[in-house]
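Just one chain is shown here, as structure tokens, and it is the form predicted on its own.
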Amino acid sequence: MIIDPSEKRKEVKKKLRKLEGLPTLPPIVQRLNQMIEDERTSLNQIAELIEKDQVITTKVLRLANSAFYGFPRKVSTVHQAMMLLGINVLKILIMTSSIFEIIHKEDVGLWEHSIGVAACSKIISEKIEFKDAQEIATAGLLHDLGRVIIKVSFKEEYQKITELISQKVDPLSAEKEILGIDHAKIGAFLMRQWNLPERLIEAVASHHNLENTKKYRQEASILHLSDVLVHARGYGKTLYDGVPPLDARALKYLNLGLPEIKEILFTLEPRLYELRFFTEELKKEIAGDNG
């Protein structure tokens, strides 16, 4: 019996709305959203609210200080993080900090790949003088969010996907065959549920298929190119054994050639080295928590 892919897709989205097997968003997020939308709220008041939650403050400062943002000096307060990262990024870090914990508990290789793509996205954004490089780095961090969701909330289907991949089926085709939808679309669906900025949602949704972009072609191209370069460098691990295919349009949309790609990789190398320490620290912490 063949199941209609659109039926599968409906089932998946129904399950995603309930976020089964995933942590719920901390209550502070709702309060934060109200404050951000209220123009009378000052940045100080927002920082004070976040700092009342010690766990979230620690997570936010750790992420703000990690090498994928590459700030030259240490970020020591939430207020400072807000000034450097912007309110959008701060909001995303708070909303997704619990998801990141799941990523590096469930799949360290995917976590390393994600932070590598975040670092590379920031470098490319700066290279092409793209505004809000921090936001694009954060989209890089979330680009494979859908993969984690599949692994955590669709365990049976995940097994079937990995079986197909072992038979040399392309990972995206395997996801679509089993779930009727791929990880990029799943990640974007969740990001929309969380009211994240549309340009980040579209960038994540289209990072494997640039023809799906409507408005945010450059953002999607940055994620696409970063994903390919980090795979090529062999940093972290995903369901791709090799390197996903490069869409040459990404280079055209970003106005980049081979000399610029070499410069990007040259800048990326020490950043990845720093990130290795970051992930090692987290691994030790998790081992300590589980011990």
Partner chain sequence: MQRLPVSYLKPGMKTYEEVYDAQGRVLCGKGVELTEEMIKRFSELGVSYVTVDGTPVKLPWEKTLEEELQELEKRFEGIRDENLLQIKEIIKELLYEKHKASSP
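Residue numbers count along the first chain shown, from 1. These figures come from a predicted structure and were not determined experimentally.
What follows is about the form predicted in complex with its partner chain, which we do not show.
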**Message:** Counting any heavy atom within 4.5 Å as contact, can you tell me which stretch out of 53-61, 234-242, 40-48, 27-35 lines its partner chain in the predicted complex?
**Reply:** 234-242
**Message:** Taking its partner chain as it sits in the predicted complex, is Arg73 near enough to touch it, meaning that at least one heavy atom pair lies within 4.5 angstroms?
**Reply:** yes
**Message:** in the predicted complex, does Val228 come within 4.5 Å of its partner chain, counting heavy atoms only?
**Reply:** yes
**Asked** Just to confirm, Ile261 within 4.5 Å of its partner chain in the predicted complex by heavy atoms?
**Response** yes
**Message:** I'd like to know if Glu11 sits close to its partner chain in the predicted complex, meaning any non-hydrogen atom pair within 4.5 angstroms.
**Reply:** no
**Request:** Check, residue by residue, if Ala174, Phe189 and Glu198 all come within 4.5 Å of its partner chain in the predicted complex, counting heavy atoms only.
**Result:** no
**Item:** in the predicted complex, residues of 246-270 near its partner chain [heavy atom within 4.5 Å]
**Value:** Leu246, Ala248, Leu251, Leu258, Ile261, Lys262, Leu265, Phe266, Glu269
